[in-house]
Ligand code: PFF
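The data below hold one chain only, encoded as structure tokens and taken in the form predicted alone.
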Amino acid sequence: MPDDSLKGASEHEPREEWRSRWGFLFAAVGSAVGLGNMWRFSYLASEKGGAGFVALYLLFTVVLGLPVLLAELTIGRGARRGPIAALAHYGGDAWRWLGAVFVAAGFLILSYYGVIGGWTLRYAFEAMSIGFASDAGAHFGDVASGFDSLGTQIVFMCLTVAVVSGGIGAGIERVARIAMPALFLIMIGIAVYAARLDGSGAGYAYYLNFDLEKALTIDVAVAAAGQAFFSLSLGMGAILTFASYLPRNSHLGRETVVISFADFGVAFVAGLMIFPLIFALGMQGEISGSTIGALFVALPKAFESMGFAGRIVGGAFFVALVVGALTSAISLLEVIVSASMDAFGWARRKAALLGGAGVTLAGAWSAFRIDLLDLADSLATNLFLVGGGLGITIFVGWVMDDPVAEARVGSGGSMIHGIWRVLLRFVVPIALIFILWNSLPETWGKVRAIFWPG
């Protein structure tokens, strides 16, 4: 039975709620849509076989992502608390550790995500003020690590803290309702512009070329599944936390589908922006073998070669990146803030300031060393997110009392919910164990390269 005992701030204060369904959807999609779509998706697609990777990513989104997303929504709305207290609510104190893993995952990801968010802020400002550097590679090398990187990370985290401090309605929802429509319009506009460039067809051919043999390899499958979890903000408690502010009559099944396919749509359109631009301007060689080359080297080179038009298009592109990064960072910090408010009874502003300061301090390592940033990304994606997703499937599939009844509230009965429980019990855990096992060598290789080179 659920544990109805409340702790911390939730004993004394009513839970905040979203002001509207659209406010929640914009914020939840904003959590899912970010650099996971426009940074990681682009370079993974380029490295893992184009449309073969895209097809696998969509498959894993439907078969693995949707069930776990609905599980997080169900727990969050039902418990109306942050990850640690929510897991204890349905499973007892023995399950607080899983909620703590979610908070730790959000903390780790935001620690390096803030560094990348700072890069996007700098590039957006430079595009609109002085334009892009003539030597994009050298410029990125100068600003991507060191005190320049630390400075932009601090600015980005200050923006994130300011929004989260404002609360659910006045802060997060207000920003999301403006930022997400703007992001969609900017992306569509750039995709249309890219389609009109001479030579863009080669980019589409590269992006949409289906390499079946490559798509069936284990490393591509592991990368696609990891991307599905990273992109949907699963396994880190962000969606669970946002769901804790939903009204009781919310239609969780409908919201699951909207969030998932909006996330996939943005990722797909990002490819329609990036690859035509890169190929039309002959920069395709710049993206191979680099996880960040597509966004911070190849595209700035392309924009610089376009003259004044490049400043306009490039500025819009990096503004879109800032929006995507900020909305995701907000959701990650909210996980930490909600858990702190539940556990310690802190006021929201205090929790946001202390949480943001802690994350910024921890992220300083990534600001000074890109290899540490890459390692943190690998640990978060391959271990924390997939491991957290595995934990939530076991919890909802086997531990939680009648999750189907909770999920059905607001939507009525449906056979889909029965299929959902079966997927969580049998299909999703097996797939995630396989993915987790096969991702260990890559992560261990990065650990050895940094700490035991040679």
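One-based numbering along the sequence shown. Quick caveat: nothing in here was measured; it's all calculated off a predicted structure.
If you look for the form predicted in complex with the named molecule, you will not find it shown, but the lines that follow are about it.
- Just one listed stretch, out of 119 to 127, 79 to 87, 141 to 149, 329 to 337, contacts the named molecule in the model of the complex at the 4.5 Å heavy atom level, and that stretch is 329 to 337.
- Scanning 111, 241, 231, 160 against the named molecule in the model of the complex with a 4.5 Å heavy atom cut-off leaves one residue, 231.
- Proximity to the named molecule in the model of the complex, defined as a heavy atom within 4.5 Å, singles out one entry of 35, 390, 56, 424, which is 35.
- Residue contact check for residue 31: one or more of its heavy atoms lie within 4.5 Å of the named molecule in the model of the complex.
- Although the named molecule is not shown here, in the model of the complex the stretch 405 to 436 places no heavy atom of any residue within 4.5 Å of it.
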